[in-house]
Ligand code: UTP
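Single chain ahead, by itself, as structure tokens, in the form predicted on its own.
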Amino acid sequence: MCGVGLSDGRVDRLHSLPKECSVLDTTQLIDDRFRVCQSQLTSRGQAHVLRFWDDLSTQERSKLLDELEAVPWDVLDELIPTHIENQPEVATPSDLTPATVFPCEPPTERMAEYERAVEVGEEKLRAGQVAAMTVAGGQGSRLGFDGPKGMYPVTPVGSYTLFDLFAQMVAAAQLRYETTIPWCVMTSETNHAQTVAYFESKDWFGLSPDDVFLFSQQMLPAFDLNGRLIMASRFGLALAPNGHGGSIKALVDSGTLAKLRACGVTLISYFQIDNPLVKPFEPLGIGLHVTTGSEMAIKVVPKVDDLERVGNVCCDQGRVRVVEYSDFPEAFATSRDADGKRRFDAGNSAIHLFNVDFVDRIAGRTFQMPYRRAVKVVPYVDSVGEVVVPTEPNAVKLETFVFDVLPLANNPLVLEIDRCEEFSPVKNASGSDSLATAHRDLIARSYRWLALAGVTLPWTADHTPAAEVMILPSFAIDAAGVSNRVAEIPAIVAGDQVLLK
């Protein structure tokens, strides 16, 4: 165990307050805070958020003031005219070139380099120098699920959630490499308490609570299309997480990065909550990251088509960057090289490796990640206090994206991964990148691992799996792990539902 304690900034702060604190929240203190907020809001044309003040209880007033005092006006004052009242222009450079990508399978002349990288990656894991980080600040609302997305059941057999799978990956890697792997989970104010309660109800999935660090990212207010703050209730702003780019600042501000250093961690394996196929402890990527002197790595997948809705990993004046699909000119997306292959074929998988020193360096700079504008449907309270649920997008949310620090990294590694092995995000209720496609891909990967181990499997006439088989990370985290446990695998016949755990 790291022995540095649970990094749960929001809960720790609440629990550390003395009981007498409630007495300090006197009417005079609230009045003083109110006057400061009123002055700030009035000067910005935002005083409408105080229209229900006289009707609020002391507790409701305190909550509203807490939210108003947390508004980062030093940032938002500049963004309201450029990103909220207007759509900012996105200038895509005309001289983008494809990024240099390390292939998933090495050519013959690089076999020794890749073999050495695997050794280095395994050494790094055994030394306890790698931590996992899951970005889990979102809700499952797009999937029709009422709760944190990490609590969404995602396996085709059984009802194992995304958090279940990732916890099992951590436990399995700890067992394989005989080490401790800290697991960082970034939540948001909208789901932090639920996430903590879920981890507690699961007894931390059998992991040591001292090695699981839960911390929240910053929240930002939503605005209407005229730049006015939106109220979610008579005493609360409409707030939203500040995007996965908030992970850099949150790691430092929560004290989690310092705790990782105390554990001896030098490398963070970062992934988002929605990808059940992710392999956060894959030695090749970790080893190449180390041997190439990379400060930040990005794993990419070949695109399924020219216009796939993934970020495009490119080079811009010698620096690696990601251009979102919505900002990527079609002329680039459809361009081909002399062999007829897609020139820009590196799709962002949202899987990264960060050096701890790099995160520290970036967080300590005055560098501000660029904000992205997202127009969304946001319920609001009208002028008489009634909740309105609009049918059309009515609000602007501001987000930052973690890949925007990529141009600041020295020797960034761009590593291709096998989509079938490591990438099948659950983003939509149906269609592509949905639970249905994740189920398909989890079964296909389980079949592939079993076939490599020599297990006899039933197939349909068109050679698709004829049984639903799910290999949990607690059974194996890769094909090699399956080969080591062949004797434990039952006979599988068509129509079976098989859970290997």
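In case it trips you up, residue 1 is the first one in the sequence shown, and so on. A quick note: this is a predicted structure, and the numbers were derived from the prediction, not measured.
Unshown form predicted together with uridine 5'-triphosphate; subsequent notes refer to it.
Look at 327-335, 132-140, 279-287, 107-115: in the predicted bound form, residues with non-hydrogen atoms within 4.5 angstroms of uridine 5'-triphosphate sit in 132-140. For the options T256, S216, S349, N242, the residue carrying a heavy atom within 4.5 angstroms of uridine 5'-triphosphate in the predicted bound form is N242. D274 is the sole member of D164, E295, D211, D274 with a non-hydrogen atom within 4.5 Å of uridine 5'-triphosphate in the predicted bound form.
Interface membership of M186, defined by any non-hydrogen atom within 4.5 Å of uridine 5'-triphosphate in the predicted bound form, is confirmed. Under a 4.5 angstroms non-hydrogen atom cutoff, uridine 5'-triphosphate in the predicted bound form lacks H192 among its neighbouring residues. Proximity of R228 to uridine 5'-triphosphate in the predicted bound form falls outside the 4.5 Å heavy atom cutoff. Although the partner is absent here, K427 sits close enough that one of its heavy atoms falls within 4.5 Å of uridine 5'-triphosphate in the predicted bound form. Counting a residue when any of its non-hydrogen atoms is within 4.5 Å of uridine 5'-triphosphate in the predicted bound form, the one hit in 145-184 is K149.
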